[in-house]
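Heads up, the chain shows up twice below as structure tokens, two forms, tagged structure 1 and structure 2.
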Structure 1
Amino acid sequence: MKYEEIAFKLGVKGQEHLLRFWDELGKEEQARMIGALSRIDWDVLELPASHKQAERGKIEPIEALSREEIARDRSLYLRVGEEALRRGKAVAVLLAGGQGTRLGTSAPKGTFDIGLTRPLYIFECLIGNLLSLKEQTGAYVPLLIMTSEKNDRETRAFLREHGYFGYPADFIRFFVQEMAPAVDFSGKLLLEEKGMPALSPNGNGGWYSSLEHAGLLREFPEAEWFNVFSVDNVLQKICDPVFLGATILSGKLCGAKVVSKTSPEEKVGVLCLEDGLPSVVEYYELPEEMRYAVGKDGKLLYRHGVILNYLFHAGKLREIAKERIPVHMVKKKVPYLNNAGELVRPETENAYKFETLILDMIKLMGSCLPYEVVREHEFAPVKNATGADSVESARELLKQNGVTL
């Protein structure tokens, strides 16, 4: 796009203030600014005026494949899952485009060193898991890593410098997710530099379209299953053959690892039925009476917390690719330039960011196997610096699982 086109578009959208420092920019900065403005998804900006929390349908509990059932049929699931992996039917998708603001480091989360007496990086933990899988099945699983414009270069450089922690580079691909603008509470886009709007990664719900834009779907045509998982669970089991086998044999088009909530208040999305379809309801969306409801067995009725480890069937993903998933507006503290061109670091939330969430894809998949795992063996998220779901709690769980830190 040219300057005139951009200026016209910004005028129509009531965002012409973004060009107020234009004349102070050098040629390169101007080109960079035009590039950034051309890539903005303007549709999300319609939201501040019209945004309403989407009405939830009828919520009911869902049955999960229990740990006991999994133990009973384990050898069958294992055989089917391992065979699928040997035949290249699954790829691993690592979501590493987040900013990790709660952890309080600006470096990519995967580069965080969780070791105590020796370096042990989060990426190293995850790749170690894939190497064990190779030992078990004899096959390398392709690892597709989603980054964002904010951390792509650093992530690639870090993994290259560490020799991909022993994983063959031929089996690793990177792809970059899209960015979304941040707006103040009146809907005006913010500037983070005189020649750059404030942009942030657009959430983890866009992974499939970003994969497609990067041309990676064509590279792995034989992949029938995408195992998508977060960067911050250091006990993550990637392409777990038992999970894969169970999902394949269930005939469902999606699988979700779940853990039993530790308490009704635990801040985790729960898998339920919504209007008869599997769906994830965020903790803040679950009405209080449902949050505390218990069944005849004394267990919470809505206890299946999702841990961001999903299997998605490729055919169904292609089918739903055109559907637009909900955009969530999240209040955040976003540094911005004031009219005098000075950088302001707000102490309270001052802006909305726009994100799509992978958990909203579950309902679109139409069917899903909730698959219960042992929390202490598979769920050690590193979200915060201290307290719950923190570096400390993850270290404790790694130790319990025999990892030397």
Structure 2
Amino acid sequence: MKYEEIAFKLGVKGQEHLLRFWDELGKEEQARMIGALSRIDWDVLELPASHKQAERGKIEPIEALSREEIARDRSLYLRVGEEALRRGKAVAVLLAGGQGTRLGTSAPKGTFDIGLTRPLYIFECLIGNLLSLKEQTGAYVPLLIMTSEKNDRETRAFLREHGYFGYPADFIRFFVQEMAPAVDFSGKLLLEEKGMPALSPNGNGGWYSSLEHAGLLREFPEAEWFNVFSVDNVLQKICDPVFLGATILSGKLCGAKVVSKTSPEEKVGVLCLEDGLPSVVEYYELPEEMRYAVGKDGKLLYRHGVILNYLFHAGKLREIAKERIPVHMVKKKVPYLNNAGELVRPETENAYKFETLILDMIKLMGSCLPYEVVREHEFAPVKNATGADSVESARELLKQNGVTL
């Protein structure tokens, strides 16, 4: 876009204040500013005026494919899944746009070293898990890594420097997560610099649109399944052929790996039914009577905690991508420039950020296979430096699974 086009659009949207420092910018800064403004999803700016907290529908328990059932039919699921992988029917999508702030570093979270006697990086753990799949099936699965504008360059450089930890570069692609604007409570976009609007990643539900806009969907026309997973979990089984085979044979358009909650208070989203459709309810959304409810077998009725490892059918994804995935507004403290060009760091919430959530995609898919896995073998999230879901707890689980630290 040219300056005149951007200026006109900003005028129409009532956001012309974003250009108040334009004449103070150099040519490179101006080009960067136009690029950032041209990538904004302007439709979200209509949300503050009409924002209303969506009410949940009727919540009911959902039945999962149990560990016992999986073990009984494992050979069948394995055969179907391995064949699909050999035929290039699945790709892996790694959500790696975050930084390790809570781990005490500003570097990409995947570059964090969790080793004790040797370097062992989070990326290394995940790619090692994927390499084991090559040994099993004889096929390399394409690995699509979603970064953010803040960590893209560093992520690429890190993986290149480490030789992609043995994974062929020809099977790795990077794409940058799209950004969403931050607006004050009157709907005006904020500036974080004189030549840059305040932007933040548009939530993990933006992975598909970001992949599409990067042009990567055209590279894998044979892919029927996208296995989406988070960088947080060092025990992730990626493109697990048993999981893939079970989902294919179920006839469902989505699969979700789940673990049984350790207690009613565990802070994980729960897979359940909402108005008859598969849906994820966050732990804080479950009323107390549901949180503690048990069935005749004494097990929690709402116990299937999601671990952010999903299979999505490509055909249904194309269909739901034509509609808008729900956009959530979150109040945040967002630093901004005032009219004098001074940076203000607010002490209280001053703005809305907009994000889409992968959890919402589960319901939009219309059907989902909850697939129960062994927590100790597949769920070691690295979210905190110490305590629960931490570097410490992940190290212990890696040791239990035979990994030398």
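Residue positions are counted from 1 along structure 1's sequence. Since we're looking at a predicted model, the values are computed, not measured. Take the two forms, superpose them, and find the largest set of C-alpha atoms that agree within 1.5 Å; that set is the rigid core.
I want to make sure I have the labels right. Is the form predicted together with uridine 5'-triphosphate (UTP) structure 1, or is it structure 2? Looking at both copies of the chain, structure 1 is the one that matches the description.
Lys150 C-alpha relocation of at least 2 Å between the two structures, rigid core basis: Result for Lys150: no, shift under 2 Å.
Indicate whether Glu192 shows a C-alpha shift of 2 Å or more between the two structures, with the rigid core used for the fit. The answer is yes, as the C-alpha of Glu192 shifts between the two structures by 2 Å or more after core alignment.
Tell me whether Thr101 is among the residues that move between the two structures (Cα shift of 2 angstroms or more, core superposed). Yes.
Superpose the two forms on the rigid core, then give the C-alpha shift of Glu342 between the two structures in Å. That residue's C-alpha is offset by 5.6 Å.
Per-residue C-alpha deviation between the two structures [Pro181; rigid core superposition; Å]: Spelling it out: core superposed, C-alpha of Pro181 shifted, distance 3.1 Å.
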